[in-house]
Structure formats: structure tokens, C-alpha cells
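First, one chain by itself: the form predicted alone, in C-alpha cells.
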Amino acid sequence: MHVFYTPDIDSSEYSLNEEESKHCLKVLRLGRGDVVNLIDGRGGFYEAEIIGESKRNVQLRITQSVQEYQKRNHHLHIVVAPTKNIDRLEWFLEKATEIGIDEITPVICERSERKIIKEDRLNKVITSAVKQSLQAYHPVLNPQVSLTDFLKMEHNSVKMIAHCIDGEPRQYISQVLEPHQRYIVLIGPEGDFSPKEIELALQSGFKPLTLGNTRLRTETAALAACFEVNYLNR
């Protein structure tokens, strides 16, 4: 199955952009009469036939369409501190997209070792995973923000913060989660949230979480939270 990401599709005929056209013709070696699938990132899943081609352009005709394809019954927003090794954050974005996630916000904390990210590169990782896993909804990657500014925002969601401070009361996601809702899960940097940051989050209505008895890497913790929320809403 050959899948292309077509976020601006709005009619029964569509032309792939130059990059996707080159991939279609030169890499996949498709041509007139071949059938491909399209996803628009907004829930639309399409079957289309190639009706024309040139060096830089492939023309398609939509033959079938499904809206709200595999729409989930909840909304998951992971707020995660970028890892020092950007490959680990990219790994999380890829796997979370495959599992199912709606929104990601990179958050800068007191102990963050990385404070700059390249959103274009990260969005390409997400788009590739969307196509690979046949996800009709493209997760939203929000601009990076400081934790203090994020906590000042209004969030109509079940709000949770995972941290590793021993002796503090924490619950498992299964004890906090209300099914079929909107969720936000805060995941800190390699050195965890500071006590001050945790206190600010609790004051903002975030419920303290534990993700188990072992200390997880940032990207592992974020993926574990992603998996568990989706599993509990199955």
C-alpha cells in the first residue's frame, strides 16, 4: 500500500507536490492507472488513481474516501521536555504517532539540557510515521514553551504530571484516568522536574503520577504514558 500525505486536498482531483511526485515516480516507480492512498491529517483517508504524470507532478483522481477514519474516543496531549540527544525525542515522536497521539508540546524546564529544537525536522518525523502507520489524523506539534508559561494556560483536560521524587504521594494513570476525555501528561527532562516545578503543577490542578518502580528515560516515560492512556481507552 503506497500512502501520501496530502493536507490541502479539497476536491475530487489532486496533484502531488514535487517531493511526493518524485518519490511516487522515481522511488516507487508508479505510473498512470496505479492506485494509491492519501491521508489529509484531518481524518480523511482516500483511494486515488494516477491519471497523469510529468517529471515534477503527479495528477490523481479520488475514487473513494472515508472521513473520521479510525477516529479515537479521546484526545491525548503529551507535554515533554526535549532530550539532550535529539534522536531520542524523534524516536518518541515516531512511536507515539504510530501508537496514537493528538498533540505534543515541547516544554523547557529548569533542568532541561536542550532548549532549542527544529520544529520542521520534528514535523517531518511525525509525517513519516503518520504515513507508515496509516494514521488519518496528523498529531499537532506545538511551539516549544517554558513550563511556567504552559502552566499559566487554561486547559480543559484531565491533567497529570509524572515525576520521580520518592516519598511524595503519586498514583498510577489507571487510578486517575476518566475514560473518553481530553488528557494532558507532563513528562520532565533527564534530571526530572524540580520540586518547585512540581509544586507549581500541583497548584495548577495537575495530579501526580508514577509510571512504575523503575526510573525511565524521558522518551520512555512519555511513550509509556502514551501507551497506557490509549490502552485504558480501548
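Residue indices: 1-based, along the sequence shown. Everything numeric here is computed off the predicted structure, so don't read it as measured data.
Missing here is the form predicted in complex with a further copy of the same chain; even so, the following discussion is about that form.
Student: Identify, from the list 133, 127, 85, 146, the residue with a heavy atom within 4.5 Å of a further copy of the same chain in the predicted complex.
Tutor: Checked against the cut-off, the match is 133.
Student: Answer with one of 203, 70, 64, 54: the residue that has a non-hydrogen atom within 4.5 Å of a further copy of the same chain in the predicted complex.
Tutor: Answer to the contact question: 70.
Student: Examine residue 25 and determine whether its closest non-hydrogen atom to a further copy of the same chain in the predicted complex is within 4.5 angstroms.
Tutor: Residue-level check for residue 25: no, no contact with a further copy of the same chain.
Student: Classify residue 95 as contacting or not contacting a further copy of the same chain in the predicted complex by the rule of any non-hydrogen atom within 4.5 angstroms, answering yes or no.
Tutor: Contact check for residue 95: yes, within 4.5 Å of a further copy of the same chain in the predicted complex.
Student: If you check in the predicted complex, is residue 220 within 4.5 Å of a further copy of the same chain, heavy atoms only?
Tutor: Yes, residue 220 lies within 4.5 Å of a further copy of the same chain in the predicted complex.
Student: Is residue 99 near a further copy of the same chain? Define near as a heavy atom within 4.5 Å, in the predicted complex.
Tutor: Contact with a further copy of the same chain, yes.
Student: Among the candidate stretches 192 to 200, 27 to 35, 40 to 48, 170 to 178, which one is within 4.5 Å of a further copy of the same chain in the predicted complex when only heavy atoms are counted?
Tutor: Residues of 170 to 178 come within 4.5 Å of the partner.
Student: What residues, if any, in 209 to 234 have a non-hydrogen atom within 4.5 angstroms of a further copy of the same chain in the predicted complex?
Tutor: Contacting residues: 211, 213, 214, 215, 216, 217, 219, 220, 223, 224, 227, 228, 231, 232, 234.
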